[in-house]
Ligand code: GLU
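The form predicted on its own is given below as one chain in structure tokens.
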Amino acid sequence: MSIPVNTAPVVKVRFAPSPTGYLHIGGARTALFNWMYARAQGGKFVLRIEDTDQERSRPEYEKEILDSMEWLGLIWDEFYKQSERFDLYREYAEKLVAEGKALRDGNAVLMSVAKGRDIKFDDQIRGLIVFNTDDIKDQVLMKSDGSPAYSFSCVVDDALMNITHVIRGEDHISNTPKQILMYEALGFKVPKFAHLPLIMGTDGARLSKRFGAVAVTDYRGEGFLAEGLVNYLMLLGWAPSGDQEIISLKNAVAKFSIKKINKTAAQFNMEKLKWVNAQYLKQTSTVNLVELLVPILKQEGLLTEGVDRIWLGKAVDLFKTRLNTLRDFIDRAGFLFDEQFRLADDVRVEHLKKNMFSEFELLASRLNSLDMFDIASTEKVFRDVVAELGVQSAELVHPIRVALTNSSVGPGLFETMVMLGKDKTVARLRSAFLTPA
């Protein structure tokens, strides 16, 4: 008995960015959904750099796109650059000219579009979409400068690369009927199309830099984790079953269906992104967070080459549950690294009373006499001073924290003292009431 052979075509998708700018959030979301669909279907994911615009394409943009894709974990199976394929586009344009399906216009090649015909396609997300060729003008295939037109190079490449599904933003819907006409003229099989909803800002307008349409590199620099950003991006138009919002890329792939992508525009919400990222920061081991933070702290001049990773790990543990991004650590824990610490004048005026000088000096003196400077000993000294002064501990906790950190909020007072160490704690208490010279 013969064994049945599966002749169904392998699912193959592509992400095709142009290196005329950095990879932005909308492009990253498109890449993610293509990658997830390929992996969910056991298919292939192609990365194609569409660098036909020789004047605007830049190698630094291409490098940033590749670096960002790798950082996000969206590794490709095949890689192409359109600038290396110009001969192919010319060959197929000449073929259409020879067959009478296109004509020359100087150095350009155009394909005429017959009027009065409906072009229909079943969008995998939106259902049936119909265009009439009365609304489609004749199409440029090759420009006069010898470069291919966008739609033509896409069609040739998608066909020759055996792309089965074209998944892209809804702003490309109007390109689809033009490209279908080109597939037909060339005798190529038409792939299936799926057009993703746009990403809007919280104001309901199309996403702009004000609401997050910046490069993936910017989010990385701001201290977002790749896992957190990917998790949030997949929620912009798709969601796993139930109310689940935090899901790994691996688990999301197992649940992913292109049919479940929403038709309506997704709304980018920075606060939601920070919340998602915070969940991943909490799940990340302290050791790994330290390694992620060291280059950021060095970049900000807060660390020298000699890094005490044990001490830094303890600092991370103090703030780990309070962070939305890695850079939040600098905002919250920066006081630990400041060798030139000085209490801000406005903070002193708002939170410290002049008559507290003697209380601060007494506490500083007692702390300075400690041989063991740990949480238990510092707390005992504080409690003894409070009892001796006959005041409520709450009256001193707040101003002391401010004097040590320049902030009215933070981790436990005694944990803060221990992280600073005895010398810095005593020095900051004694200088709290000094005004700059």
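Start at 1 and count along the sequence shown; that's the residue number. Note that the coordinates shown come from a computational prediction; the quantities given were computed from them, not determined experimentally.
From this point on, the text means the form predicted together with glutamic acid (GLU), which you will not see here.
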item	value
Which of 277-285, 168-176, 137-145, 252-260 sits within 4.5 Å of glutamic acid (GLU) in the predicted bound form, heavy atom basis	168-176
Distance check, residue 150 to glutamic acid (GLU) in the predicted bound form, heavy atom within 4.5 Å	yes
Glutamic acid (GLU) contact in the predicted bound form: residue 102, any heavy atom under 4.5 Å	no
Partner proximity in the predicted bound form: residue 419 to glutamic acid (GLU), non-hydrogen atom cutoff 4.5 Å	no
Residue 425, heavy atom within 4.5 angstroms of glutamic acid (GLU) in the predicted bound form	no
All of 29, 72 and 227 with a heavy atom within 4.5 Å of glutamic acid (GLU) in the predicted bound form	no
In the predicted bound form, the residue from 11, 16, 413, 25 that sits within 4.5 Å of glutamic acid (GLU) by heavy atoms	16
Listed residue (236, 182, 216, 154) with a non-hydrogen atom within 4.5 angstroms of glutamic acid (GLU) in the predicted bound form	154
